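Next up: just one chain, as structure tokens, the form predicted on its own.
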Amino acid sequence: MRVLTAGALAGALILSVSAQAADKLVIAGRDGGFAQALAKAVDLYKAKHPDLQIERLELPYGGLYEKAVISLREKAGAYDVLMIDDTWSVEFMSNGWLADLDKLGGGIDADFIKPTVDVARFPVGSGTLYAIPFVGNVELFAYRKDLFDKYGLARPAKWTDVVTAAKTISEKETGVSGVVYRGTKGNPIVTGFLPILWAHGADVVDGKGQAILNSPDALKALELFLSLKAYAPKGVETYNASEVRDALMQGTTAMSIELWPSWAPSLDDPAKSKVPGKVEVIAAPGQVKGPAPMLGSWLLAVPADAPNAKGGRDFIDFVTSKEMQKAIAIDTGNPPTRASVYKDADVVAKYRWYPAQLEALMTAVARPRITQWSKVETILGDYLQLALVGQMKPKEALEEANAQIDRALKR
């Protein structure tokens, strides 16, 4: 009988564990529509790898973040593939929690839309590739083309055009507000304001992480944003996503400064919308600068402690391939991150706004690359709403928000 030495036994155990890891893939992702996209990908990947055991977790936004942070920080080796919001990427990448995908092989090809790739690198745009873009979420703008044609209004090229159109339609079209947006404090109001802020050449923080909201350009942006309230529905300061979507689908608004890809299909569905085919979806207007829609990309990454890192990378390459992105887009509506898919005739036939969505993605702006963004967003959202409800003057609100953000960034 052969007796194994301690070293040989240890080696055999390592090989056994490695073999077990290679036979299993654990994928942690979002719930909702994103879960449908991942589920389809898993089914098709499983068909190619019938002996592979795949565990897919569906988690809400906060739950996914919390579980990911605990696992990565503790080096628990819980996941092989992790879906992350682009706002988490700075924290995850700077802490060394994600694997270098170039070292795992594969790189990334030029078909991926540049802004979605930039946030997958650290430092942003030029550093190590730590993720692959999976969801091409971008903030869009919507307007009623029938009403614009009726009153001789051109597609809004600037935010000042939005104000003019909102005033015209509010005054002339009974039962229709000129514009709608999310006025609820926190993320909702900030999301609507950022494309206006960026188009005015302003920002929340600069490249060095310093708060810069107390600028003349930021004040012009906020004054324009606040001027829209005169043409918005009563109570807009409490509006969130459901109210904005309802206003669009019921035909009770002429414009929405915010529309997300997942909302768009319902607008053309006669069973859900009273204005099918009448709403145009475009990239956000510009102002001093060109369009600056907010990027809301989701990425797929391999944790640095993944038991099956090579398998994780292979799955990511599979799910983000051109063929899979097309299949997933057509089947689930998950917005692609490859330019070629937005130009595909079959895809455009189903989603007529995809060329405009590609335009928006090509000019998309990511939220500041800071680890404290959630705190900064909360502060800014609070002061934006105070200005919206008239409890603070615009200049006062920006100066106070800037001071609070500056303190938060220094902690």
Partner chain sequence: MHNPSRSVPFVLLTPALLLFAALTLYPLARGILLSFFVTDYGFAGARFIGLENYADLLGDRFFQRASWNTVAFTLLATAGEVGLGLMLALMVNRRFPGRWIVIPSLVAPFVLSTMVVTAIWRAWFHFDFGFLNNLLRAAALPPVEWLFDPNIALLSIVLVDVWQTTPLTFLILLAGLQAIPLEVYEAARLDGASPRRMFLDMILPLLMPHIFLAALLRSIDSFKIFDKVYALTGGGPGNATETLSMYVYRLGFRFFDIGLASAAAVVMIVIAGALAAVYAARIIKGADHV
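Here the structure is a predicted model, which is why all the values come from computation and not from measurement. Residue numbers count along the first chain shown, from 1.
What follows is about the form predicted together with its partner chain, which we do not show.
Lys185 is the sole member of His200, Lys185, Arg144, Arg313 with a non-hydrogen atom within 4.5 Å of its partner chain in the predicted bound form.
Checked against its partner chain in the predicted bound form, the candidates Asp382, Asp31, Asp344, Glu359 yield a single residue with a heavy atom inside 4.5 Å, and that residue is Asp382.
At least one heavy atom of Glu237 is located within 4.5 Å of its partner chain in the predicted bound form.
Looking at Lys40, you'd find every heavy atom of it more than 4.5 angstroms from its partner chain in the predicted bound form. Among heavy atoms of Asp23, none comes within 4.5 Å of its partner chain in the predicted bound form. Mapping the unseen interface onto this chain, Glu400 counts among the residues with a heavy atom inside 4.5 Å of its partner chain in the predicted bound form. Although its partner chain is omitted here, in the predicted bound form none of Ser126, Glu139 and Val319 has a heavy atom within 4.5 Å of it.
Stretch 374-382 is the answer when you ask which of 344-352, 23-31, 374-382, 42-50 has residues with heavy atoms within 4.5 Å of its partner chain in the predicted bound form. Along 382-399, residues Asp382, Tyr383, Gln385, Leu386, Val389, Gln391, Met392, Glu396 each place a heavy atom within 4.5 Å of its partner chain in the predicted bound form.
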